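First, one chain by itself: the form predicted alone, in structure tokens.
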Amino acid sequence: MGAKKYLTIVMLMGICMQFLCACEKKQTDIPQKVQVGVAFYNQSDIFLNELIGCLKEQLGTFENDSFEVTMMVRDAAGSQRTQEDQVEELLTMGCNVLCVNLVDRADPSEIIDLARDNDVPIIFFNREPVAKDMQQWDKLYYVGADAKQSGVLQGEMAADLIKENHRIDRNNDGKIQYVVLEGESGHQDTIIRTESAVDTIKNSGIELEKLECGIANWDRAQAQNRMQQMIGQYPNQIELVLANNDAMALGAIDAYEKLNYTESAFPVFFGIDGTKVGLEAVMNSKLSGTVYNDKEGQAAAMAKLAVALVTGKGMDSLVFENEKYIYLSYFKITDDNISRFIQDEDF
């Protein structure tokens, strides 16, 4: 074999080896493990617990013999400072993507800085940061639902029932006396859900008279106490209770039961979220309706996005608004369609 031909073969072999090494390096660069750190504001929130349970199930569907998915969860118990420390801990433990349900949606900068310093993307969920904060970094995303839609649907259900059942206007004065049980003071969903529900009822041609609005922080026990105060202030006058979530709607029912009111003297109650206990209450005709917050859809989107952010695969199959937001639709649940939903729940 001539020296020139031999040299050519050696060069070709070298190029092939470089190509094979490059391919091998490219393959090994793809992470074989997704470690999801989940930080949420308070474990007392029933909907969030159900959502996180769904997220764990959805993440599990991505696992196989060569690909591992783990999830670590931290509860901030309502403290922003605690949540910031927990996010730092999750990053130290090697989490390569974060799912954060903010304690204070208006104060995410410390958490964003921690994630950016470690080059770990964040999927915010359920509590949407303000728009300017979402622009702080290109690896920030949000998965949730449109709060206005939930209020509109709640208002539509209430308006339909009031028009169908004239006995709701118990004093026959041509207007509906109502109270609202609200989530946190100043919280985006609290304001939007309340305003859009009330406006929708009024826009349907029903005259309303507001008796009281009370903050109950999404909590059933607080709602019961607040409702008892309202009943004492307006005995036998309340005809409609609009609650920003199911837990508070159920707390309002608890108040009437504790005060030994007969069901014929109850107002009508509407919630939001479609939690398991909320669905049970609709099924048992205690709640007149709830608005289903699609926890399964949100969990599936979060899981898919988390894996895509770490592996770089699958982002093109996700549908974003403004390149950062994924919104799932709410839908109404009443006694007309509750049977379709309880089949999917473990009652």
Ligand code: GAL
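Nothing here was measured: the structure is a model prediction, and the numbers come from that model. In case it trips you up, residue 1 is the first one in the sequence shown, and so on.
Below, we turn to the form predicted together with the ligand, even though it does not appear here.
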Inset, instruction - Using the partner position in the predicted complex, report whether Gln154 sits within 4.5 Å of the ligand, counting heavy atoms only. - result: no
Legend entry - 4.5 Å heavy atom contact, Glu182 and the ligand in the predicted complex: no
Legend entry - Partner proximity in the predicted complex: Asn293 to the ligand, non-hydrogen atom cutoff 4.5 Å: yes
Inset, instruction - With heavy atoms only and a cut-off of 4.5 Å, decide whether Leu305 touches the ligand in the predicted complex. - result: no
Legend entry - Stretch in contact in the predicted complex with the ligand, which is absent here, among 310-318, 47-55, 276-284, 60-68 (heavy atoms within 4.5 Å): 47-55
Legend entry - Within 4.5 Å of the ligand in the predicted complex: residues from 190-206 (heavy atom criterion): Arg193
